[in-house]
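Single chain ahead, by itself, as structure tokens, in the form predicted on its own.
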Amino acid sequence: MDYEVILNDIKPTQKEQYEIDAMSEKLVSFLEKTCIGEGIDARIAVVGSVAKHTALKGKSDIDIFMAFPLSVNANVLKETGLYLAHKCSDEFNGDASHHFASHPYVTTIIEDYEVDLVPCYEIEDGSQLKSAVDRTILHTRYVKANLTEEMADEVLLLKRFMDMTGTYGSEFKVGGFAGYLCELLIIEYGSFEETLKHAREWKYGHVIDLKDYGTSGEFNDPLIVIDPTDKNRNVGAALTLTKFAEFIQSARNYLASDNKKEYFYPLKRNLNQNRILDEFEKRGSDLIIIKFDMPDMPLDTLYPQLKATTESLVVKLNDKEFNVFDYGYWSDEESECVVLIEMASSKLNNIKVNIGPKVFISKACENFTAKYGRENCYILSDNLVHAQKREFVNAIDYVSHIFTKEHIGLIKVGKNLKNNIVETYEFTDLKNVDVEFLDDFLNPGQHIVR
């Protein structure tokens, strides 16, 4: 496989790299001069993929950390860090907004670059950690010391491969591999292909411990990669079992493929709406499609709540004997959310069998017949049972019952979603749902094979 052809498409050009480095240097220089001029004790550092030269073409966001001494009060760190961030954004006519991780930070758009300006503590090792972001400078330092220029190219190949197979990104929406995790894999295995060759044999709980800390026993995750800068952290903690398994299979598929180049480019998809609607029609399933307004909330909070709400609703439907075949959720990340539930059957008969105790347990049987009437009970196998009328025979009616102020507590709904669901939900049809989401729903394995 000629990876130079791929790298020409995915690696920043010399011009792009020069411009991002120049912009980073300008921002750092301004912040350093401001700190000196105003007597602020903080060290300014460019971190992340830009600093490590592992950013893909067109994805060169700039991360700048403002590291304060450990002796600085947390409130002073936040206030001073935000002050510096806004001052920098204003100097370069940026469009700033606040975000929250361990503490507030600023994201600003400066000359088409997305710049994160993050206050943190300056630490020398993980034992000094005061907040999760404090490790980031150590991560950058470690990778730069252990990743050669050639290996940086291998990281780009791995990131691109994961991106195109749907396994890249540690945010909750994806649950895949973080950029730092990709870099550690290349440091461990040396190249993109060697990483895939090893990955195809991974088992649950596979361990990578670059500094032989011996702390892997503290974790129970699909992939355990001990952070070289903190022996008590698993870099793979955010990786879901599904994405771990998808990467293993995509590695096997790639290594066995005669069409390897296609794995580095977007999937060729037929997103014709009529075709997708026809495929759903052929499945013959009953569909429940619920749309509601998206609350004003961070995406990293939205997706966990959307997942929990959908899964809890599915459990309730199955408890009522409605047969859920598959389900999914989606958001345009601006104004609306969608829950799609595919059912083998959404309608039931009027009568259900209420199974009581074993006939051999006399006291329990007496209580059961007293409750339902001896004349209404009979034997099924060796259980005493009672035929009773169902409260709901239609799944949509049951969902409507749940999505009310009085009954929304029947499911574990995300606290930020509760009011929006009750006040704005409506049932809709496939024509009003994003076609890419529908295509992925119909073809869940299409990204890991070409």
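A quick note: this is a predicted structure, and the numbers were derived from the prediction, not measured. Rigid core here is just the name for the largest C-alpha set that superposes within 1.5 Å across the two forms. Note that residue numbering follows the sequence shown and begins at 1.
As for the form predicted together with a further copy of the same chain, it is not shown, yet the points below apply to it.
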Item to check | Heavy atom within 4.5 Å of a further copy of the same chain in the model of the complex - residue from 349, 274, 270, 335 | outcome: 349
Item to check | Listed residue (343, 151, 137, 129) with a non-hydrogen atom within 4.5 angstroms of a further copy of the same chain in the model of the complex | outcome: 343
Checklist entry - Can you pick the stretch from 25 to 33, 383 to 391, 64 to 72, 414 to 422 whose heavy atoms fall within 4.5 Å of a further copy of the same chain in the model of the complex? => result 383 to 391
Item to check | 249, 284 and 353 all contacting a further copy of the same chain in the model of the complex, non-hydrogen atom within 4.5 Å | outcome: yes
Checklist entry - Heavy atom to heavy atom, is residue 212 within 4.5 Å of a further copy of the same chain in the model of the complex? => result no
Next on the checklist: in the model of the complex, is there a heavy atom of a further copy of the same chain that lies within 4.5 Å of any heavy atom of residue 377, even though the partner is absent here?
Outcome noted: yes
Item to check | residue 241: touches a further copy of the same chain in the model of the complex, heavy atom cutoff 4.5 angstroms | outcome: yes
Checklist entry - Using heavy atoms and a 4.5 Å limit, would one call residue 360 a contact residue for a further copy of the same chain in the model of the complex? => result yes
Checklist entry - On a core-based superposition, does residue 358 travel 2 Å or more at its Cα between this form and the one not shown? => result yes
Item to check | Residue shift check between this form and the one not shown, rigid core fit, residue 387 Cα at least 2 Å | outcome: yes
Checklist entry - Rigid core fitted, then: does residue 280 show a CA shift of 2 angstroms or greater between this form and the one not shown? => result no
